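Heads up, what comes next is one protein chain in two forms, each shown on its own as C-alpha cells, labelled structure 1 and structure 2.
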Structure 1
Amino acid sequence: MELSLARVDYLQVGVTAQKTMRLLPASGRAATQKVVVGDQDGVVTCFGMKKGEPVPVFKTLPGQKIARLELGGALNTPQEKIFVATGSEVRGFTKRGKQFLSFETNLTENIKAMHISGADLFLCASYIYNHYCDCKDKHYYLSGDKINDVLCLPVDKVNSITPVLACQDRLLRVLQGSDLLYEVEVPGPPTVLALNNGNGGDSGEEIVYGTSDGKLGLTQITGSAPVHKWEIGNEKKRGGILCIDSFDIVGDGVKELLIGRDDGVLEIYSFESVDEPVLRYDYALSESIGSVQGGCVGKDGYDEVLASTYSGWLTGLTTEPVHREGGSGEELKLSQEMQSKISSLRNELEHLQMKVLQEREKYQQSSQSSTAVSSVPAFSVNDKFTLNKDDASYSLILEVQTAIDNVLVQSDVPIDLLDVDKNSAVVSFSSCDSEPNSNFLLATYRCQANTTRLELKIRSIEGQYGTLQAYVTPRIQPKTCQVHQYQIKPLSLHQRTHSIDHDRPMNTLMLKGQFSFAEIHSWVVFCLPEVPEKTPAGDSVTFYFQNTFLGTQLESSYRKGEGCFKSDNISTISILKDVLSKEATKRKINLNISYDINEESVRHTLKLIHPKLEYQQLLAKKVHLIDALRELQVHEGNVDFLLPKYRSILEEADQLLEEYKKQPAHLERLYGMITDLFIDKFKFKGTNVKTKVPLLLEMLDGCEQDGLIAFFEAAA
C-alpha cells in the first residue's frame, strides 16, 4: 500500500532545540491530541485543534531557553505531566499549565539532555550525568566525552535502572548506579536515542540510535554485553539524525520508525517481514527537524506525523485526504469552508502588513531623533562544523531563523571549497593577497529569497592550520551580521577511532618535559579534532585516530611530563613534532624530543597513496579527452570507428565530469602529500632534499608504484 500524506502547517513558535516537542496522550480512542512545545525564548506552548484552527490551552511566560521537554507521570499511568529543562533547572507543569515543580539541580553547567521514568530523573550536562529519585541526588558519573542524549531502559520490563548515555566519541555508555557497566561502539557520534517500538521491544532492552553522520542502528542492551541487531548506512548522504519516534502511521498494527534529520528530511521506515527496516516514505522540509511525533492532531480518526523545525514551525504530514469524496453538497460545503479560511487569512495578512508599516515608520522616526540609541536586531544561528569520513571533507552547515541574504567565508589557511548538490546559492570568489592579511580564501554565497539553511563543504591540507570565519547576514532591517569562527587543526583530516592495526610499520615521537597532564592534553586538543576539551580523568590517556583521506593511523598516549605518538605516516609525526614544540616554546617549557623512524613506513604509505594517485591521473586524462572525442563524434556522425576504451569515455562523460568537478585539486593534493612525505623522510635524517622536488614532480605523472618507491630510496 502506497503511503499518501498531506502537509499541514499549524503554527510557529520561537526557535526550538532538539527534542522539545511532544504530543499529550489522547483523552479517548481516535481523539485528537494536544501538542506541547518549548522554545528558546523559554516559552512552553500547549495547543489543540478545533475546526482546523490551533486553539491555545496554555502558554508560559518567557525565560531561559528550553533545552529539552519530556512527558512523565507515575509508572503504568498516562504520561501527561510536562517537564522542561531550562538552564540548570527542571520545571514541571500539569496538562492544564499549572506549575507543580521547580527543581534547581546542583549542576554547574546547563542541562543538555533529560529522561524521565516515574520518580526517576536522569539529567546530563556536557560531561556530567546525574540521577535523581524524588528530586534527591542518587547517582553521578563523569563521562570521557560530551554527552548528547540519555535514556533509561523501561524499569517495569528489565527490573533494574539501566541508564544509557550517547557520547560524542562514538560510544554508548551503559551505566549501573554510578559505575560504567560497559561501552557499545557505534558507527558515528550518536546524537539521539529512543526505545525501539516506544517500549524497548519485547525484552525492553532494544535501543534505536541515530548518528550525526546520518546512520541509524538498533542494539540490544543486555546485562552483560551488547547485541547489535541492525545498522543502516547513509547511502543518500542525508543529514544527521536529530529525533526518532515509533508510531503505526500505516495502520497495520506494526509501528513504523519516524526519523527527523538536520537537513530537513523526514523519513518513515517500516518493518516488512525482515528484521532491518525499509525506507517507506520521505518528505523534505526546508530546515532541520528537532522533534518528531506520531499521533492524531488535526482531525479525529486521522493519524499524522508531526515535526517541529528549527525556526519553530509545527508541521504535520496527515493521512487525511486533501480532496474529500462525496456529492456536490459536500464539495460546496468544502469550498465555503475554504473560502472563509482564505478570507480570514487575507484579513490577517493585511493586518500584519499594516503593523509592519507602522513599526517601520516608528523605527525610522526614533532612529533619526537626537536621543536615538542604535539597536542591533538579534537572530539565532544554528551551526555545525563536522568532518565527513566518506570524502575527507568538512561540512559547514549554517541555519538561521530567518532568510539568509549572504554568507561571506574567509580563511587564513589554504582550503578548497567543494560543490554541494543541495546548495542553490550563487558563489563568487574575491582575489586575495595572502601576504599582508594572511587571506587565502574570500568567497561570498548569495542566497535565494527563502533560504534559511546553507551547507558548504571544504577540504583542508594537513600541516596548515588556522581559522575559517563565516560572516552571516540575514534578510532583516537594519542590516546586521554575525561572525562564526571554526578552527582548522594541524591534523584536521584525522578522525577518532577505537582501535588500530598494531602490525603496521610505525614511526614514534617521544616528548619529555616539565609539563602537566592538562597542558599536554590542551596541545593534543589544539592539534587534533574530536578530542574532548576537558582533561580526561586518571593519570594517563590513549587516543587512536585514522586519517580519513589516506587511511593512515595515529596512536597518541600521554601523561604528566611524557608523551608518545606513533604513526605509520612520517608526515603526521613531522607535523606533530613542529606544532608541539611550537606550543611548548610559547609556554616557555623545555621539551626533550626524540624519535624513531621506521624506513618501511615510507614504502607502506606510498602503497596507500599510489592507487588513489593512479585513479585521479586516469580520471584527469579521461576528462581532458572528452571535448576532443565529442568534436570527433559531431564531425563523423558516429563513434563506431573508435576503440572501446574511447567509446566508454564518451558514454560515461557526464559522470566523469561530475566526479572531476566534485573533487577539485584532488591530484594536486596527492602530489603535495607525496612531496611532503619525501621532504619529511629526509628531514628526520638531517638532509634537505627540496632541490630534488621538481625531479620528483616530473616523474609522478604516470609513474609506477615500484618506480616511485625506488626514487625515494635512491635519493638518500
Structure 2
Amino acid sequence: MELSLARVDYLQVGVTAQKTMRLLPASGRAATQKVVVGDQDGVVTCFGMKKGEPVPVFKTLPGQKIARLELGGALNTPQEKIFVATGSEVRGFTKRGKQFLSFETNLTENIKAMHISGADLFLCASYIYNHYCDCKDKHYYLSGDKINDVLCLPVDKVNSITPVLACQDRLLRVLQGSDLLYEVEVPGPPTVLALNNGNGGDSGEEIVYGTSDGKLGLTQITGSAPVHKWEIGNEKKRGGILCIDSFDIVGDGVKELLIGRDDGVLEIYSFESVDEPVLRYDYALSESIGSVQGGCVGKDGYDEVLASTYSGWLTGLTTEPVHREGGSGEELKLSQEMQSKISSLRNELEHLQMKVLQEREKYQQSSQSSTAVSSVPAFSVNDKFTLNKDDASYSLILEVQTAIDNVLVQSDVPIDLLDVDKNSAVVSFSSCDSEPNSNFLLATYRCQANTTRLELKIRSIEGQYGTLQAYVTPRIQPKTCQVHQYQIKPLSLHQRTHSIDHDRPMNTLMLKGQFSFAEIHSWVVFCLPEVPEKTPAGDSVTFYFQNTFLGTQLESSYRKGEGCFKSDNISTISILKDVLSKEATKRKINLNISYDINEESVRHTLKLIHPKLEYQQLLAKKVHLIDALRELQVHEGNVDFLLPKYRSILEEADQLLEEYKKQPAHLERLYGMITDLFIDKFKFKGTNVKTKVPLLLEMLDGCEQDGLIAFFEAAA
C-alpha cells in the first residue's frame, strides 16, 4: 500500500533545539492529543487543534534556552508531566501548565541531554552524567568525550537501572551506577537514542541509535555485552539524524520507525521483513527536524506524524486526505477556514508593521544622538562542520531561523569550494590577495528568497591548516551579520576509529620534553579532528585515527613529558613533526624529537594507494571513451562489432559517469599525495628531491606498481 500523507502547518514558535517537542497522551473523551513544545526563548507552549485552529492550553514566560523537553510521571500511569531542561535547571509542569517543580541542579554547565523514568532523572552536561532520584544526587560519571544523548532501559522490564550515553567518539557507554559497564562501538558519532518500538522491544534491551553522518542502527544492550541487530548506512547522503520515534502510522499493527534528519528529510521505515527496516516514505521539509512523534493532533480519527523544525514550525504529515470526498460543501468550508485564517494573519501583520515602522523611526532618530549606542540583533545560527568519510571532504551546513540574504566565506588556507546540487544560491568567487591579507578564498553566496539553510562542501589539503570563516547575513532589519569560525586542522582528513591494524610497518615519531599532559593534549587537539577538547582523565591516553582518503592509520599515545605517534604514512609523520615543533617553539618549550623511519612503510603505503590510482586512471579513461562509443553505437545501430570490454563500458556508462562525477579531482588528489609521500620520504633522509617531482608525475600516468616502488627506491 502506498503511504500518502498531506502536510499541514500548525503553528510557529521560537527556534527549537533537538528533542523539545512531545505529544501529551490523549485524555478523557478527546481523541486528539495536545502538543507541547519548548523553544530557545525559554517559552513552553502547549496547544491543541480545534477546527483547524491552534488553541493554546498554556504558555510560560520567556527565560533561558530550553535544551530538552521530556514527559514523565509515576511508572505505569500516563506520562503527562512535562519536564524541561533550561540552563542548569529542570522544571516540571502539569499538563495544565502549573509549575510543580523547579530543581536547580549542582551542575556547573548547561544541561545538554535529559531522560526521565519515574522518579529517576538522568541529566548530562557536555562531559558529565548525573543521576538523580527524587532530586537527590545518586550517581556521577565523567565521559571521555562529549555526550549527545542519554537513555535508560525500561526499569519495569530490565529490573535494574541501566543508563546508556551516546558519546561523540562513536561510542555508546553503558553504565551501572557510577561505573562504566562496557562500551558499544557504533559506525558514526551517535546523536540520538530511542527505545526500539518505544519500549525497548520484548526484552526491553533494544535501543535504536542515529548518527550525525546519517546512519541508523539497533543494538541490544544485554547485561554483559552488546548484540548488534541491524544497521542502515546512508547511501543517499542525507543529513544527520536528530530524532527517532516509533509509531504505527500505516495501521498494520506493527510500529514504524520515524526519523527526522538535519537536512529536513523525514523518513518512515517499516518492518516488512521483520528484522531489517525498509524505507517506506520520505518527505523533505526545508529545515532541520529537531523532534518527531506520531499521534493524532489535527483531526479525530486521522493519525499523523508531527515534526518540529529548527525555526519553530510544528508541521504535521497527516493521513487525512486533502480533498475529502464529502462533496463540494465541505471543501468550501475548508477554504473558508483558510480564508479567515489568512485574513486574521494579515490583520496581525498590518498591526505589527505599524509598530515596527514606529520603532524604526525611533531607531533612526537615535542615530542622530552622539551618546546613543546601536546594538545588533542576536540571531541564532545552527551550524555543523563535519568530515565526510566517503569522499574525504568537509561539509559545512549553516541554518538560520529566518531567510539568509548572503554568506561570505573566507579562508586563510588554500581550500576548494565544491558545488552542492541542492543549493540554489548564486556563488561568486572574488579575486584574492594572499599578500598582505592572507586570503586564499573569498566567495559570496547570494541566496534566493526563503533559503534558510545553506550547505557548502570543502576540500582541504593535509598539512595546510588555518581558519575558515563564514559571515552570515540574514534578511532581518537592522541588517547584521555574524561570523563563525571553523578550524582546518593540519591532519584534516583523519577520522577517529576504534582500532587499527598493528601489523602494518610503522614509522614512529617520539617527543620528549618539559610539557604537561594538558599541553600535549592541546597540541593533539590542534592537529587532529574529533579529539575532545577536555584533557582526558588519567595519566596517559591513546587515540587511533584513519586517513579517510588513503586508508592509512595513525596511533597517538601520550602522557606528561612524552608523546609517541605511529603511522604507516610518512607524510602524516612529517606533518606532525612540523606542526608539533612549531607549536612547542611558540610556547618556548624545548622538544626532543626523534623519529624512526621504516623503509618498508613507503612500499606498504604505495601498495595501498596504487590500486586506487589504477582504478581512478582506468575510470577516467573509460569515461573519456563513453561519448565516442555512444556515437559509434548510434552510427552502426548496434554494438555487436565492439570488443567485449568496450561493450561493457557502454553498458555501465551511467554508473561510470555517476561515479566520476561524485569524486571530482580524485586523481589529482592522489597524485598530490603520492608526490608528498615522495618528498617526505627523502626529507627525513635530508635530501631534497623537488627537482625529481616532474619526473614522478610523468611516470604516474599508467605505471605499474612495481615501477612506482622502484622509482621511489632508486631516486636519491
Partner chain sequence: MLVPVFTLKLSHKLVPRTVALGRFDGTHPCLAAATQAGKVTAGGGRQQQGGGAGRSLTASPILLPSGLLNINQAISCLSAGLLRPQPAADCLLVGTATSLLAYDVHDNSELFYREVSDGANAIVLGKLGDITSPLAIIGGNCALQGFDYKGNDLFWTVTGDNVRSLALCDFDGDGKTELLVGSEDFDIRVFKEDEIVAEMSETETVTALSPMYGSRFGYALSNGTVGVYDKTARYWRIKSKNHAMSIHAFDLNSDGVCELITGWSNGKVDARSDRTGEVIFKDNFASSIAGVVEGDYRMDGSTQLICCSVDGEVRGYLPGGEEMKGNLMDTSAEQDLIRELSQKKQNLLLELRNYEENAKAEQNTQLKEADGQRGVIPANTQLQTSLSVNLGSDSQSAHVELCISTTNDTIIRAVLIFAEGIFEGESHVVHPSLQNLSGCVRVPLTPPKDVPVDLHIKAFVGYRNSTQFHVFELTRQLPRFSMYALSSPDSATEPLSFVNCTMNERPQRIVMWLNQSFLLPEDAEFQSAPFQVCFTSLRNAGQLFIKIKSGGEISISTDDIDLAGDIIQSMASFLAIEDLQVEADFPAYFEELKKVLVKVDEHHSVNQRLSADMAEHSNLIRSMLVQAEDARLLGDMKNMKTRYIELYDLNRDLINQYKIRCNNHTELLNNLKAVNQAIQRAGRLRGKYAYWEGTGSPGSH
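From a predicted model like this one, the values you see are computed outputs, not experimental measurements. Rigid core: the largest C-alpha set superposing within 1.5 Å between the two forms. Reference numbering: structure 1, starting with residue 1.
Engineer: Of these two copies of the chain, point out the form predicted in complex with the partner chain.
Structural biologist: Structure 2, not 1.
Engineer: Is L656 displaced by at least 2 Å at its C-alpha between structures 1 and 2 when the rigid core is overlaid?
Structural biologist: Yes, because once the rigid core is superposed, the C-alpha of L656 moves 2 Å or more between structures 1 and 2.
Engineer: Answer yes if the CA of K255 moves 2 Å or more between structures 1 and 2 after aligning the rigid core, and no otherwise.
Structural biologist: The answer is no; the displacement is under 2 Å.
Engineer: Taking the rigid core as reference, does E361 move its C-alpha 2 Å or further between structures 1 and 2?
Structural biologist: Yes: E361 shifts by at least 2 Å between structures 1 and 2.
Engineer: By how many angstrom is the CA atom of K612 displaced between structures 1 and 2 after fitting on the core?
Structural biologist: After core superposition, the C-alpha of K612 moves 2.6 Å between structures 1 and 2.
Engineer: By how many angstrom is the Cα of D627 displaced between structures 1 and 2 when the rigid core is overlaid?
Structural biologist: After core superposition, the C-alpha of D627 moves 7.2 Å between structures 1 and 2.
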